[in-house]
Every structure is written in structure tokens, then in C-alpha cells.
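In the form predicted on its own, a lone chain appears below as C-alpha cells.
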Amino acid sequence: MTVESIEAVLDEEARRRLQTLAYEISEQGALRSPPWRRVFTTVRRHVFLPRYLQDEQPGSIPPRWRLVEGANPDDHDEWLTSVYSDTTLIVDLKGQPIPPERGGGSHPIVTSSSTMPSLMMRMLEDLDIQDGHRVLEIGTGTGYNAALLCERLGDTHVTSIDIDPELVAAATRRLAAHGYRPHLVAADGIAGLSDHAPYDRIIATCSVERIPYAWIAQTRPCGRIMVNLRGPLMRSALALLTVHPDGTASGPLLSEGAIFMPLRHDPSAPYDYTVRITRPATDPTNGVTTLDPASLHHHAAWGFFAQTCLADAAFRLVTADDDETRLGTEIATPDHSWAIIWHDRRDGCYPTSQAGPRRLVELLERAHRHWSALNEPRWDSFAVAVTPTGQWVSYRHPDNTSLRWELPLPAPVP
């Protein structure tokens, strides 16, 4: 077979698989409107994913990554099935240095992926994009989402930015192969892109602890911004903000959960997930709590609420100095308060140690009682408000009382 005939066969197979996938995610309620269904069944995802990385042993340390390539005959069927399934696929890794005291070398960290199609389409549908809208995408990645936007709006209405020049170059080539030529820029997305502002819609395929005000300033009044908002426990939720004429923005957290990689500022390095905590040289107070620390990590709604109430806290998992199998959750705040809740239950309680001016175990227990008294709300019971000088997450109680927590300041940008 010639190259052209092979591509024709692949294109026909892709069309068939796209129709099947479109039906599947339509049944989920992610793909709802005829314009987006036409777009989804037109753009060939395999053009933007010629290869991906498969973790052979999820959860293993270090991960066992295997490259799956469409051009490799041994991988072809697996590749095509994965590309046209409702799956997030990993496309890029960067090495995070390991400290010498822990053996040195580097640890591979995921820095780019192609989001599962149902989530991507749900976000685009919820943004209510209309003909003639100008859209800024934060996080070009493979270029697939930019292609969807180009097919819907036309090249001149789409701008996309990514921190990684190599990803932008590859996306440019793949978009051109599909006939799309949007405005692509390799730069830090935290500043948006004022050259093509104002935008009617901004969509961020990365997560932030605090919404960059530049995004608000570059959006037209009544425009919308879709962003993944995360906290210090890495619990996150999609926020859909509407920009108001006075330069503020507000909107709900959506019911569908999402986890995106954090916005990066260094193209050569992954996001540093390391949580650095310095304990003051003070003898801790030992005690117990009935609060299961594992629930912070495994119960999404409670974890989201806890990180909202203790917005200035850092959380991390630790092991005991004398027993690497003994797991604990450590919490610390900038005033040098810290606490550890050990995960091994004893007589219905969990051992604790804490020191510093704030009693963090008690604050966490109080937050849990508060969450329980509110009938254990999910993140979609909350809303976000942004002004030029502040940002808040708020909750409206059925008795019409309003609760509000200020978002933390972002970490300094190197």
C-alpha cells in the first residue's frame, strides 16, 4: 500500500471511531450541541497524538513508562484504541532532581497530557462559545484543543499559549497538517497574552492556586473564563467565571471534577511538587484525634473544604524517622506551626504531635465539624469571586448566611 492509501484507511478508521466516541460522551452529557458534535467528529485526534507514554505499573516508584507509537506496527492497534477512547494520555515528561541524600539522579514528572475528550468537550460546552468569539487557551499541549476551537471559530479567532517551546513547535506542525493556523505563542501563561486581547472566552487546561488577574483584565465584560482552581492538598475544581464591567469576576465551581497539572513557569523543568516544611526546634505536644488523616487524601469533598479553611497551610505525607512504613500527614503554616497526624489507628484514635502558636490538629477537627454541620457539601456548593485586590471562595448556606474564605497568595515566580 502507498503512504496515501495507508493514510486514507487510517482516516476512515478514525472517522468510524470518532462517531462511536461521540455517541459515548453524548450519552454522558458531555457533548450536547450540534455545532460541537460536528467539530468533534471532524478533528482527528490521532494527528495530535502520534505517540504517548503508558505507565506499565501505576503507583510504582519510579513509574514504569513505555512509549506507544502509532508508527510502530507492534503498537498500532493499542495506540489507535487509546487515542479514540475517553482517556487522558501522557505525552511529555521532565526530570525532577532527587536530592543527593536520597540517592541523586532525577525523577520523571508528567508535564503535558491530552485531556480525556469528554472533559474537554464538557468544558467547551459549558463555556458557551458562540460564532465570532475570540478565545485564548492557556496550555497548548498537543494542539488538539486548539484544533477543536479552530474548527468551531476559524483560525483568526483562536490564540493559544504554552510555556514549552518544543510543545508549541510540535503543535504548530500538527495543526498545519490539519489545515489550522491559529496564533501560537511560547510564553508563561500567567500573564495571558495582551497582544490579542480582549477575549470573549479564556480556557485554561492547567491548574492555579489563584486566578491571575491578567486573565480577568484581558476578557471582555460578560466574557467567561474556565479554570481549574486547586489548593495546597492538590484538591481542585473547575471554576466558571463571568467577567463584570467593573473589572471583577465571579462564578460557580462546577459539579464535574477535574485535575489538571499546575501552571509552570520554567519550560525546562516540571512543576515542583515537593512540599518543604521546616519544623521549629520546639518540643511538640503529643495527643490523639478521632479524625482519620487518610480522609484528607481520599475524600475529595472533605479535602477540598479542609484546604479552603486552612488556605495558608502546607500538607504532605511523611514517614517516621525510625520506620519508613509508618505513614503520617504533616501540616504546617507560615507562622511556624506544624502538626503530624499518624495514620496508624490505636483504640479508635490517631496519634498526633504538634507545636507552634496555632493548634493545627484542633483547627482541622473544627473544620471537619463545620463541614459535617453543613451536610458535607461538595465543591460545587461553592463559588469564586475575584477583584483587583482579592479573591475568595464562598458558600451560601440554606439559612441565607454566607461563609467566605480568602484564597492564598500564589507562590513567588522564580
Ligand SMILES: C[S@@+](CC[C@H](N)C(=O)[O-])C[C@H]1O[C@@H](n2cnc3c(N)ncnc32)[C@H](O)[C@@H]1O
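The numbering used is simple: start at 1 and walk along the sequence shown. Bear in mind the structure is a predicted one, so any value in this text is a computation, not a measurement.
Same protein, other form: the form predicted together with this ligand, not shown, and the subject of what follows.
Residue contact with this ligand in the predicted complex: Ser113 places a heavy atom within 4.5 Å of it. This ligand in the predicted complex is approached by Ala187, whose closest heavy atom lies within 4.5 angstroms of it. Residue contact check for Phe260: one or more of its heavy atoms lie within 4.5 Å of this ligand in the predicted complex.
Proximity of Thr142 to this ligand in the predicted complex: non-hydrogen atoms within 4.5 Å are present. This chain is drawn without this ligand; in the predicted complex, the residue among Val158, Ala306, Val83, Ile138 with a heavy atom within 4.5 Å of it is Ile138. With the partner removed from view, the residue among Cys206, Leu193, Met123, Leu233 that has a non-hydrogen atom within 4.5 Å of this ligand in the predicted complex turns out to be Cys206. Stretch-level contact check against this ligand in the predicted complex with heavy atoms at 4.5 Å: of 284 to 292, 245 to 253, 261 to 269, 71 to 79, the positive one is 261 to 269.
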